[in-house]
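To begin, one chain is listed below as structure tokens, in the form predicted on its own.
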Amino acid sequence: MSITDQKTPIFDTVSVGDELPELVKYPDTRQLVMYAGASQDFVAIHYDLNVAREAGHSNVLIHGALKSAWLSELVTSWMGYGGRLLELSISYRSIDFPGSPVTCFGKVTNTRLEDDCGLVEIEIGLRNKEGLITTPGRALVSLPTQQTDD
């Protein structure tokens, strides 16, 4: 599906409590190496198992910024081509490792009109396979409002 095929929700149809479709990721060490190259983040704990073990971890660590990118993908996929991501705030609370699926989720917590602009606040997060929310956050999205003919 291309971004132009994505359907944008109309602000008037969005309600507090609405849940975004979950996005499941299956990170592996190859993806971490590719991300390190693309982001120029070559901190060895993200791709070198020996370095990670010396730091007391059983595996290499998923980049925090990669987790933020996945949460951004969750929100932008939901809002479609016609929405605007105005704010994104992420908190790194716990480590995630490759080899286990992680689930990105979101829930609408507030909707309001400001200057004829439909604003939607969304609580987002990344949950590991044990159910622990390792990366909570929030997003603010602008959606189009329903046009009425007068």
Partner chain sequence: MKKSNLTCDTVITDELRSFIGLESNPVTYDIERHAIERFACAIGDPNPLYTDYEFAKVRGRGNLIAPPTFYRSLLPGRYPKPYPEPFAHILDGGSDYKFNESVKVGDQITVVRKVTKLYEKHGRMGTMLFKISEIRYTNQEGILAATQTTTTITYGTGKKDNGLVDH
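Residue numbers count along the first chain shown, from 1. Worth saying up front: this structure is predicted, and the values here are computed from it rather than measured.
What follows is about the form predicted together with the partner chain, which we do not show.
Enquirer: Hey, in the model of the complex, is Glu121 touching the partner chain, heavy atoms inside 4.5 Å?
Expert: Looking in the model of the complex, residue contacts with the partner chain do not include Glu121, since no heavy atom lies within 4.5 Å.
Enquirer: Is Ala55 close to the partner chain in the model of the complex, meaning a heavy atom pair under 4.5 Å apart or at it?
Expert: Although the partner chain is absent here, Ala55 would touch it in the model of the complex, with heavy atoms inside 4.5 Å.
Enquirer: With the partner left out of view, is Lys25 within 4.5 angstroms of the partner chain in the model of the complex by any non-hydrogen atom?
Expert: Looking in the model of the complex, residue contacts with the partner chain include Lys25, since a heavy atom lies within 4.5 Å.
Enquirer: At the 4.5 Å heavy atom threshold, is Phe97 in contact with the partner chain in the model of the complex?
Expert: Contact check for Phe97: no, nothing within 4.5 Å of the partner chain in the model of the complex.
Enquirer: Could you pull out the residues of 63-82 that have any heavy atom within 4.5 Å of the partner chain in the model of the complex?
Expert: Residues within 4.5 Å: Ala65, Leu66, Ser68, Ala69, Trp70, Ser72, Glu73, Thr76, Tyr81.
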